[in-house]
Each structure stands twice: as C-alpha cells, then as structure tokens.
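Coming up is one lone chain in structure tokens, specifically the form predicted on its own.
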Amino acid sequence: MLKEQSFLYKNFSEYYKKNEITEPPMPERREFGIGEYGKKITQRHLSFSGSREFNDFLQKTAPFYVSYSAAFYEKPAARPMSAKQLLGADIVYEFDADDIKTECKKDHDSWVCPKCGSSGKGSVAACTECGSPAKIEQWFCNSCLGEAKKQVFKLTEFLENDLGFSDGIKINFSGSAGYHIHLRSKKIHSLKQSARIELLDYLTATKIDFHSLGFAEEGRLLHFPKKENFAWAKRLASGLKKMIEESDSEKIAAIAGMQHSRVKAFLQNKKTILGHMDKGILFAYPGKKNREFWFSLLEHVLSTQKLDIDRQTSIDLNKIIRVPDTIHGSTGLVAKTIPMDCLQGFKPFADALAFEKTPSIKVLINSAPKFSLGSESFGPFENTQTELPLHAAIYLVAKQAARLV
C-alpha cells in the first residue's frame, strides 16, 4: 500500500472509531458498496445485519468511499439484482457544482491535453490547440457550491408547494461537489419507475407545453394564465410578470433576440402590459413577431426556474449513493447531514471538516489553486514542498494533488 493510502486509511479509521454512523435507516435492507483510493466503487452487494455491524465494518476497514442503495430489499446481498427481491425505494436527487456553469471555474479549474500537452485555466471540452478531448482538473469553492445549494432550496420549494412532500426529506453535503436530497416518505417507497420518471420530468420541466399551462394562442391573441392557476403555470406567469416589471429594455431585447429600440418603445406601455396580464392577456408586440417575442421570454423564465437534477441517480433503482456522514475519499470531507433550518448557513469547507489542524504534515504539492478550509486559506501551489495542517494535507492527498514527504 502506498504511503499516501496508508496515511489516509489511518486517519479515516480514527474518524470512524470516534463517530458512529447512524445512516441510512433500515440498514439491514440496503445494499452497500465500497471503494478504494481513486476508485469510488470496487465492491458492492454487501449487506449488514444492522447499524452495529455496519459501524464495526467501517472501523475495521475504513473504506475510502461508502455507498448504499436507495432501494431496500428482501435479500440485499443476493445476485443478480433481480434476486434481491425489491421491497421499495427512496428517491435521491443530486445536485453537483460541476454541472453548473459558474464564473469561478476559470479561477480554480484547469485542463490539459493528453495528446499535445497544451494546458490552460478553466474548463473546456476540447484542447484549444489540437481539438483532442481535454482532461479537466476540477476544484470546488464556496461560490460554485453555493449555486448547487440554491438548487436544493428550489427543489424543496417544489416538493412542498407543488407536490405536497414535506415529510421524510433529508439533506446532506456530498463531501465534494454538491448536495444529495433523500426522499424517504412512505408514499415514495412504492412508486414505480415510470412514476419516478414522471416526477423528474415535472421538476426538470421536460417537454413542458406552454399552451396547456394557459399561454394559449387565439389568432394573434396570446392568453396569460389566470391568478388562480398553480404549479408551473403560476411559476412561469409570476416570472414573466416580474421580468416585465423589473428588467430593463436592453436585457429583455437580448433575451428575446429583438431590436432594442423596438423593445424600448414597446415597454413604454409597461403599465398597460401589466394590466393586460391581470386580465389574462399578453399585450401584443408590434409587427409579426408577437409569439416569438413572448415565447422567447417564457423560455428564459423556464430556464431559470427548472431544476438541473442528475437524472441517472434519481430514477435508477439499482444506483448506490454515498452514505451520509461518511468520508468522501477524494476530499477527506464528511458527507455531512444538514438540518433544513441550517442549510442556509452551512459552509462546506468549514462545517464538513472531519479532522483537526494538528499535527502539521510535510507534503510535496504538484499543483493546487487557492482553497479554503475552516477559517484559513492555502495556496496557490505549484511544485511546492511545505508543511500543512492535518486537514489541509488530507484534503490535497485525497485529491491526489500532493504526496507525503
């Protein structure tokens, strides 16, 4: 075993000896999987008689990654999957910062071309020199994780206000790139996969039909949903009205793809436009582009309100996902459970620390952007030998950005 792996194993083991893992519920009905250094899943189809046996296993083996099934089974360790005898399943929604376009990526992400050796800052799909697929080195900060957190708030609003799901919602930091939302209400357990897909399509506004929501056409007349409408109709109507009320003509022209001078003249009638909305009508945009104008704005409102959920995680009944409150092997951070009333103030790089500052550890750092842990900032580093507090050393070693000296 490499020196770095031994170092992580020793510290992870100490964490599990000091911290009892109480997740997930009904562990005796779940399938578990584990991973090794640099590999998130190397073994699955594991099962445990209960929480005590599971914690004993963690203390003895200190796996780098620990995952569990959202599904629960009669025989969790059986193979093939059909032999497990599915009894029901939670739903898990996942939001990762790496799926969200943020400005901060150009500061902390980097890329390199395996073919020609070119490299640069930010995140690109292909090498800017030769066009070959680029290898991305991803890092995360409070800014991009904050964008992922916004998605969590939007989801809980959808679940509670649109769908009436208020019980059995559990949230945890993933330990690295985002957040996991677990729906464990009994009314979720028996949902068939088709119903889970339908639910996901609703949340992500997949194939949404503006006409069926009340934005119907009648000649040149475009109808606007009445105030008594709810769910997506209400969301889109409120968003469109707010755009007309608050956005300037230049922004609206850019969104609609229209000439600024014409949009500016049109918005001189803002009071009349809003009055027509209250009456259930979209005031006609001059010329032949009435439908194009309003539907472009609707598409923009939709893009800002729909959820960008990892589809595979939420509908695959065989998927296993990180056990809350265990350590993420690529960061050394805890997949911390977060009470809903604490989510707003949750700080991943402070509240999810698993280890203390002491002792100091000598490391050789290949490359790392500036990052924060706790109340301190570190880096940037490039081929640097230095001493770091324990939690920072674990973070870089786990990310394979540093070696022990």
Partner chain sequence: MILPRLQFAQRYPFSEQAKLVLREHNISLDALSEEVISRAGAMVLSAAKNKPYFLVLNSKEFLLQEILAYPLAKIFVSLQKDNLLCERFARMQGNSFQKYLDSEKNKQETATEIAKQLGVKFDFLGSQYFVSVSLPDFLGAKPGADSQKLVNQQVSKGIVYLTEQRFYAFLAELVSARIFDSLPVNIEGIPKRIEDLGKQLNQQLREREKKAFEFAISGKINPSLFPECMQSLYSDLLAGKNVPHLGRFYIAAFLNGIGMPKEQLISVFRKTPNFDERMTRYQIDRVVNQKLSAPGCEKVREAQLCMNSECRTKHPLSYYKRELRTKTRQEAKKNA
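Residue numbers count along the first chain shown, from 1. These numbers come from a predicted model, not from an experiment.
The discussion below concerns the form predicted together with the partner chain, not included here.
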**Request:** Verify the contact flag for G164: yes if a non-hydrogen atom of it lies within 4.5 Å of a non-hydrogen atom of the partner chain in the predicted bound form, no if not.
**Result:** yes
**Asked** Taking heavy atoms only, is D209 within 4.5 angstroms of the partner chain in the predicted bound form?
**Response** yes
**Message:** I'd like to know whether R291 contacts the partner chain in the predicted bound form, with contact meaning heavy atoms within 4.5 angstroms.
**Reply:** yes
**Asked** Does T128 reach the partner chain in the predicted bound form if we count a contact as any heavy atom within 4.5 Å?
**Response** no
**Option from 323 to 331, 268 to 276, 73 to 81, 211 to 219 whose residues, in the predicted bound form, bring a heavy atom within 4.5 Å of the partner chain** = 211 to 219
**Message:** Please tell me which of S143, S123, S119, N229 lies within 4.5 Å of the partner chain in the predicted bound form, judged by heavy atoms.
**Reply:** N229
**Prompt:** Considering K101, K106, K192, K242, which brings a non-hydrogen atom within 4.5 Å of the partner chain in the predicted bound form?
**Reply:** K192
